[in-house]
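Starting off, we have a lone chain in the form predicted alone, written out as structure tokens.
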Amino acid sequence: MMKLENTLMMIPGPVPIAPRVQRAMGRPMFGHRGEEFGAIYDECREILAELFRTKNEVFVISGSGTASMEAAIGNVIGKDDTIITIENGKFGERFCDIGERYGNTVKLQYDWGTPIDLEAVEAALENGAKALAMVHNETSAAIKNPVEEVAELAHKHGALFIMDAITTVGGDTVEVDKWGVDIAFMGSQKCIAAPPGLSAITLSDAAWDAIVDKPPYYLDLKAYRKSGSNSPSQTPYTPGVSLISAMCEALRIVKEEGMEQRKHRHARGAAAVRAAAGALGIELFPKIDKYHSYSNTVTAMNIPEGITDKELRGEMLDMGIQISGGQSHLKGKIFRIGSMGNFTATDMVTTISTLELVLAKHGLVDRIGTGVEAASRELDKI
């Protein structure tokens, strides 16, 4: 088996990074307490605030999205507090796991990739909770959840609303202030197409007022706020300087493309994969309703009968295309194709055509080209 150096990653993060982002990461090292770092850090925060659509401050944490997820919970939930967590995928499950480390957790659990019950959410809130947490775009199942409706319910009952926006910031509509999100966070290796290892978080005034007396040490958000107000601005602890340089360059690319165009491109990429799946007789995995929709940054599909996960993904990888499988109990049952970051229409067509070649090898399609034709009709709209 030959390992191709130029493998095209079409997974839901990490995603390929632009050469200029790689160059930014490789620049000579510089100090993190000086003007040069402060300027880069401030630029990152400014563009991220635009992507979050918030007037609140944004802070970059040297840690993956899970670090910001833990910061979101650990800073506002103490041992006597209750947090409601909603799970219909792997990352909703992670909210549950983290919530149990800090306080009392009420779990609302649903089969992965299925809609949540808004009436059950309200019933749980009626019993009292300091916060409610959910994932905006659940990449493990490729379903987008109704954050606007849930945020409204949370505020109706006096709870903070915490939103995982790891795979929507920079690739889909996120409206932190308009939706009334109290804490939101994102990850660097997803839609903005920066290297892994960073995340960013933003808090409302209500969330700042709710900070517990003893938050986590490294993830103490008041420490980030204090350091961020210095001149030049800083982080409280040594940051990933090279990663933040790369993030800044990636965010410049996002801004140059324009957020509306970027959202449109992501949506069309996902629509292309769904169209190809329909043309090839592949069943989409998530079940949606009027409150839920298919993800714009990843598509999850059931593995067709007649081919295994190892064969499908392994043979595509041998041909230079990397896609994702299922997580946890979905391993071997679904496969996922990302439409995330700086992908092009050519990348999408290449991925679909490679999928067709593998399916044809196993006698699962009658004619090569059907999926590409269906996908191309969506990609023509980019």
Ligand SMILES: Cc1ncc(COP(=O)(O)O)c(C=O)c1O
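Only a predicted model underlies this, so the values are computations on that prediction, with no experimental measurement involved. Counting begins at 1, following the sequence as shown.
Keep in mind that the form predicted in complex with this ligand is missing from the display, and what follows is about it.
Heavy atoms within 4.5 Å of this ligand in the predicted bound form belong, among the stretches 219-227, 158-166, 236-244, 283-291, to residues of 158-166.
Contact here is defined as any heavy atom lying within 4.5 Å of this ligand in the predicted bound form, and by that definition each of R94, V135 and T139 is a contact residue. Interface residue among T350, S62, T66, Q322 relative to this ligand in the predicted bound form, by the heavy atom within 4.5 Å criterion: T66.
Listed residues T299, T202, Q189, N88 were compared with this ligand in the predicted bound form; Q189 is the one with a heavy atom within 4.5 Å.
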